[in-house]
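Read the single chain below, which is given as structure tokens and is the form predicted on its own.
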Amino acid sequence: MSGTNQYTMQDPTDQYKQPDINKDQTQPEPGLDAKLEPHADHGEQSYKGLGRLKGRKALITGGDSGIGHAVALAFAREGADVALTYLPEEEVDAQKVVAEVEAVGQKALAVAGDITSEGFCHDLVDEVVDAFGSIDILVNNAGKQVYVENLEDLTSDQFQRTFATNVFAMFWITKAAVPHMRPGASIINTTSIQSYQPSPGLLDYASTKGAITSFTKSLAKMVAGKGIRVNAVAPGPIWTPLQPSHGQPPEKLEKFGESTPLGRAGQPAEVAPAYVFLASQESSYITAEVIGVTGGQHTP
């Protein structure tokens, strides 16, 4: 799978093969790339940078695995220094990303902690600014997704922790970061196809993604006068550790992504270019927008 050429014209339906997923594969939350079978493609062999983010400083929440990993790698290959957050139990994944960022000559900073703590979110921003001097790109990507089939089984604790991870942390980190962002800076939030086509069993997760979409559009208008753009990316079914760590029921894993018009799940490497575009000056007249990367399950 890795090594797929992202630059040669080809049929997107089989540019990446549908992952051969063992439906019995499970991981405890939050899930690790290191244990994912089959491994996801983050662009390790295929992504080639063009210097579009040269000299910029990026902070990516949940940058240790999945989409965050692919974005961190792409940003580094485009010339950005990268800070990432992760949970302590994700150390092995975080260190792999750090090594990949440093391998292309960029600075890497990995900060372990729980973004559901407002205090940690403020300390995180301070640590990144102390290390890098500014934050030019903020990617609010960390997310919690746990499938619960029946409403009566969805606990208040899970509902609150999903919102704390996906929405409150985004607010706390963004509020702390904006004073350190210069004109030309970019904020990119990770929403989801679930914001527009919510699935049964993902009530709390889909609700947070709807909130992120609205947050993005409102914040964009709030900070436009500061020269800061705010956009979002809405992925569809992307093969990441989020899925086998209770993000999907086991019976749905085997055919994960096959119902899309392109007929397969996406890879993190296919999502990262949207973040690069929104972070770069190439998207200078784009703010308050959402780019869907959904395999054809289009957003409105």
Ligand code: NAD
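Residue indices: 1-based, along the sequence shown. Computed from a predicted model, the values in this text were never measured in an experiment.
Here the subject shifts to the form predicted together with ligand NAD, a form of this protein not shown in this document.
- Residue contact with ligand NAD in the predicted bound form: residue 256 places a heavy atom within 4.5 Å of it.
- Ligand NAD is not drawn, but in the predicted bound form it has no heavy atom within 4.5 Å of residue 77.
- Under a 4.5 angstroms non-hydrogen atom cutoff, ligand NAD in the predicted bound form lacks residue 136 among its neighbouring residues.
- Ligand NAD is not shown here, but in the predicted bound form it comes within 4.5 Å of a heavy atom of residue 115.
- Although the partner is absent from the chain shown here, 142, 165 and 192 each have a heavy atom within 4.5 Å of ligand NAD in the predicted bound form.
- Heavy atoms within 4.5 Å of ligand NAD in the predicted bound form belong, among the stretches 107-115, 150-158, 174-182, 196-204, to residues of 107-115.
- Put simply, of 274, 40, 238, 53 only one has a heavy atom within 4.5 Å of ligand NAD in the predicted bound form, and it is 238.
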